[in-house]
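Following this are structure 1 and structure 2, which are two forms of one protein chain, each written alone as C-alpha cells.
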Structure 1
Amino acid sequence: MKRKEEMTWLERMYLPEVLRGLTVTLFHFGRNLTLHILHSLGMARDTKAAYSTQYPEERKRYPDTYRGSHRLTLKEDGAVRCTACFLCATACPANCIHIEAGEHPDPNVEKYPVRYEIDTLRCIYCGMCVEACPCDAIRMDTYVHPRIWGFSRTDFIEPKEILMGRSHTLADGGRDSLMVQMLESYKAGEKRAMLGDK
C-alpha cells in the first residue's frame, strides 16, 4: 500500500488557501465598489454590479424541480381530486396534514375531504405527501415559497379553500401568477400594518 504524501509546513498552515480566499473576496469587493461608483456617475449601466438578487425588486425564477407551497389538484368539474384516503397524512413525517373525511353527495364517489389543512409551520417540505398520494391530488409545483409572515399560528394553517385556490390561479394565470398574487398580498399587508401604526 502506497503511503500518502505528507503536507508541507506551508500547506499545514493553510496560508495559501486563506490568501486565495481573501484575493477572491477583495476582487469582488473592488469590482462591485467600482461599478457602483460608476453607476452613480451615470456610466457602465450595462454591467451589473452586485451578484446577489436585489429582492423584492428582482427575484430569481425557481427551477421546475422546486418544492413550493402545496396545492390540491382539481377534477374537470372543479371538484377536489382528493379522496380522503389519509395516505398523505400517514406518510408525513412532520404530522402537519389534518384531514376530516365526509360522505360525498355523489353516490359514485365514496368520500371526500370535508376539512383538509396543512400547518406550514410544522411542514418540512419533504414531498412525501406528493409521493404517497395515489390519485395525484396534492402537488408542490406552485413555484412559490411558503408564507413568511403572520400575526398568529392560525395565519400559517392553509385550509382546503386556499390549497384549491392555488390550482385555480395556476390554471387561469400560468406559472408566475401565484408569485404575483403572493407579492401583492405582502404589499397589502404592509399597507395595513402601516395604517394600523398611525
Structure 2
Amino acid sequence: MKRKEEMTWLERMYLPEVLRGLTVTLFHFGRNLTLHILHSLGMARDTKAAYSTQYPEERKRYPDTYRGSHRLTLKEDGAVRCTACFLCATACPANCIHIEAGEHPDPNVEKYPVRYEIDTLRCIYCGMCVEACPCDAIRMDTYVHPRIWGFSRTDFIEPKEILMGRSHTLADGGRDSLMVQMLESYKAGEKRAMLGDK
C-alpha cells in the first residue's frame, strides 16, 4: 500500500523532528513548572498548570446520560408506580430483581409490588429493566453511582423503600442531592474506619 502522505526529506532525517518534539515537551515543562512555582507563592492562581481533576477532593459532575442507581418512580399521590408486571425481572440478564406481587386494596388498581428488591451485588447496571418497563416505573436517572461499601451482603440489597426514597430525595433536593448524600456517608464511614470501630 502506498502511503498518502509521504514524509519529506527533512522529516526522514529524524533529528529535526526529534528536536521539534522536544521543543513541544520542553515548552510545556517550562510553562507548567513556572506556573507551579508561582502557584505555591500564591500568584497567577487562575492560570491552570494541570488540567487533571484532583479526585477525590474534586469531582466531575456525572453526565446527564449517566446510568446510576435505580429508583422507583411515584404517582402523583406518592404511591409506587410499578404494577408488578414482572417485565423488568424477565428482561434482567443478571436475574437480580425480585418482585412479590400483591392485590391492591383499591379496585381500580389491579396489582402492586408488596416486595421489590434489587440485588446490587449482581446487577450489572445495563439498563434493560428501564427499557422493559411499560409504565416508566423504574429509572436510573439518579446521578449517583452504586454504593461500593457495606458490612454484610444484605447491605447491598435495595428494597422498595430505598428505591422509592430516592425518588423523594430527588424531588426535594434536586439533581445532585443523592450524590451529596453518598459523599457524606463516605466521609462518615471514613471517620468511623479511622477511629477503628466497625
Partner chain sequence: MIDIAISAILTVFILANIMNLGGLLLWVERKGSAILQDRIGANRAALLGKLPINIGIINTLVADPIKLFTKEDFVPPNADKFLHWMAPILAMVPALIAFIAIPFGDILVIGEREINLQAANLNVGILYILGMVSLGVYGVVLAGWASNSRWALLGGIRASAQMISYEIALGLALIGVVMTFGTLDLQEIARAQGHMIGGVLPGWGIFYQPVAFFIFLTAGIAESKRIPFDLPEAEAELISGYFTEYSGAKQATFMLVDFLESIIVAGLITTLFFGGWQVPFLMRDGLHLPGDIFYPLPSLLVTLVQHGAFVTKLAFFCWLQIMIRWTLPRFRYDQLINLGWKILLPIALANVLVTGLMILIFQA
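Under this definition, the rigid core comprises the largest set of C-alpha atoms superposing within 1.5 Å between the forms. For numbering, take structure 1's sequence and count from 1. Since the model is a prediction, treat every value here as computed from it, not as a measurement.
- Between the two renderings of this chain, the form predicted in complex with its partner chain is found in structure 2; structure 1 comes from elsewhere.
- With a cut-off of 2 Å and the rigid core superposed, C135 has a Cα displacement that falls short of the cut-off between structure 1 and structure 2.
- With a cut-off of 2 Å and the rigid core superposed, F29 has a Cα displacement that reaches or exceeds the cut-off between structure 1 and structure 2.
- Core-based superposition between structure 1 and structure 2 puts the Cα shift at M13 at 17.2 Å.
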